[in-house]
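Just so you know, structure 1 and structure 2 below are the same protein chain in two forms, each on its own as structure tokens.
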Structure 1
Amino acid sequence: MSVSDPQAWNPADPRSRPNREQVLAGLRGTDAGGPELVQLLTPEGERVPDARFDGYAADIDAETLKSLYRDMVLVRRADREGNALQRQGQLGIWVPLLGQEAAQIGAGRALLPTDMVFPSYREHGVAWCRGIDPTDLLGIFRGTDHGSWDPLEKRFHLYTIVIGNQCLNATGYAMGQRFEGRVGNGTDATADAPDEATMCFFGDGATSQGDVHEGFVWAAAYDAPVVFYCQNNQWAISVPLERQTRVPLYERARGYGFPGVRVDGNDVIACLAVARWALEECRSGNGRDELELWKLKDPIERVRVNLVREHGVDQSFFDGVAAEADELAARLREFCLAMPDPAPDRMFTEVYAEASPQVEAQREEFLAYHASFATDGEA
């Protein structure tokens, strides 16, 4: 199917996924002056087409739209009550989501049960979508607990107050998903390890933090299945956006090596559709067909094929080389395991050319501490 010929979207059915190449080509078109803002529902309430993402919103009928509306109304009302409680002195602080209901409900409804979420401190709408009652958020802002839900059960991490730090946590978690083979297997119940993705939420102000950039670098380098979801409300506490960046924030993604999409954050349908696309892109492996392509270009494999096809080399040669390689690996392991442990005070003796009273004092204190763990028969 093509994006311009939408049908009901089903993440467990690869046939229902819009054409990946067309979506990415459409995003690249924004760099050449093409359509920039993704919008499927205008401020006047009119549904408008977008060939790149229509396929991810094809199943949004009247009933689905009513449920999205209900979620946004309830979340806004809970948010306003939290804000009032803070003003009345019942909460130490309340971080409002006013104006971000569509961005959060849209993204939250795009998540599958296997996905993991790393929020900042105002993702009350996403928490709602993950089955967390608003009352469970109050303890954080009243100072009675750090969050009263189980992050693994809800697949929703505890709130992160340190701005941008959740990007490191999300990237590390997503790298684990990659290493454990949780991508590219399918999302249906028959999959050995159903696909997962991670979604990380932060604001425009967080993009000026080093933790965020470090998370971007590692996520791109390891092709981690993480969606970075920046909710740009135009202000970082008290600093306007134009004082934070010279380019639109979504364009920064290209510098790290992953696509960036600018979405109308007040359009719940667009937020849902683009979030679905991004999460599916991660779950399916971020286009990992490239990995299989490079496996076919393996330098050893191509020589093996040439030796067999053009020089008649038989299997005994390859078996002998493989056995020799195993012997080398065994010798390497044996040598490593037999290496002596360095003296515990080496970190002090090998740092400076000449000793100093301060370092010597630290060394003696450390050795005394180390000796306190000695078992019977050990010095």
Structure 2
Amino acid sequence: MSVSDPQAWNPADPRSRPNREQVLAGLRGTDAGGPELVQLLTPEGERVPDARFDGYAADIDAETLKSLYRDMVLVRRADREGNALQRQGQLGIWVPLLGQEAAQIGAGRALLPTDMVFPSYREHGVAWCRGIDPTDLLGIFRGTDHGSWDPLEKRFHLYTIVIGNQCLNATGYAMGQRFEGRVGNGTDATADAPDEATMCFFGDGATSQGDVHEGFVWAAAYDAPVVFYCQNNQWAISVPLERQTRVPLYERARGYGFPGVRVDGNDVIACLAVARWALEECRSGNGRDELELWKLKDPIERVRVNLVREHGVDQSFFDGVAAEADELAARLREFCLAMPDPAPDRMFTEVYAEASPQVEAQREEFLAYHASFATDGEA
């Protein structure tokens, strides 16, 4: 069955629309990537030229590639430890990033410290690049907090659990960057007032949410300097991509009036290069890009192969990274097991910026109730 041609669709004639087999064939066709997929490092570890994006990867020498490899290995090891801690009952849940290391490290390393990030709840790799230690993620999944880092200092918003909400929050933040004149200053931009961009992360499942569409509409309407970074891992829990869309997701961007690019999400060099391009577009005032990161095969192995074959990196480097990863995992585990429960009245703190007499009264009543047991026990 051939893939249908969207240009031939006639909205007035339902018979002209693609049938189910054509839709599936189209989606399976894109599963292989397709000619439009940006790839700078093949699954076999070969660095291939790309006229459009090579300029954004020109500085990636052996040392940089080694550090990208290291980041990917470490976040995968932290992720696997998080998974194990969940299985062992130490965490209530863990949201794995397995297989998305290249997409996240590529994007995370493309961001400048002055850019802003709005993650979903899976961006442990991007968090790593923003200087957030994996131990800082544990509280969310162990139930001791809802996020422990300072989002304004790290320029990495707290995890958003409601699917797609963050796309509007990111767009609003980016509107603020534009209203403050922090785009398009070029060489006039200073260290005190640099040009900025926002990057918003979400998955393929989120693309069915109204908030994601509204985020696209608003970003276009206000020329907000925001990169929508869709990590398409093909599944929304149990539901395959064809339940969310009839067209490749990156093509949707055109309908909102901004460019969409499909990138091999297992190619850390391509992710880094295209993310740099998109962020630079935003900072320069050409805002709003949608990137779709496509999941294919293992993202780390191809970097290892490339380092060995094209850069002559020897085994001691890989052994060193592996040892470092094990140390990180051990530290994560030790930290997790030693995490104290929050104080009983934690729930009453910071509900409001200006304290509510109602909540304060409930706190006092609650503490008195707790104290009554202590008194009984001692008596």
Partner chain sequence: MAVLTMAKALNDGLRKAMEADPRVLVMGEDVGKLGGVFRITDGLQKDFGEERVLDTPLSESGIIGTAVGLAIRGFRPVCEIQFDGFVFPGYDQIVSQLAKVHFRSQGKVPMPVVVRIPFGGGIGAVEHHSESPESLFAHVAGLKVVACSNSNDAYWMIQQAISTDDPVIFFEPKRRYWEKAEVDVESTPSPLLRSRVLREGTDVTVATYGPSVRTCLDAAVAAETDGTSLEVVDLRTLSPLDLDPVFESVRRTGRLVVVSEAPPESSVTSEIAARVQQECFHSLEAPVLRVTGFDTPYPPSKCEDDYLPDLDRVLDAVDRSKAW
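All values derive from a computational prediction rather than experimental measurement. Under this definition, the rigid core comprises the largest set of C-alpha atoms superposing within 1.5 Å between the forms. Residues are numbered by position in structure 1's sequence, first residue being 1.
Only structure 2 comes from the form predicted in complex with its partner chain.
Here Arg309 counts as shifted, since its C-alpha moves by at least 2 Å between the two structures after the core is aligned. Relative to the superposed rigid core, Phe318 shifts its CA by 73.2 Å between the two structures.
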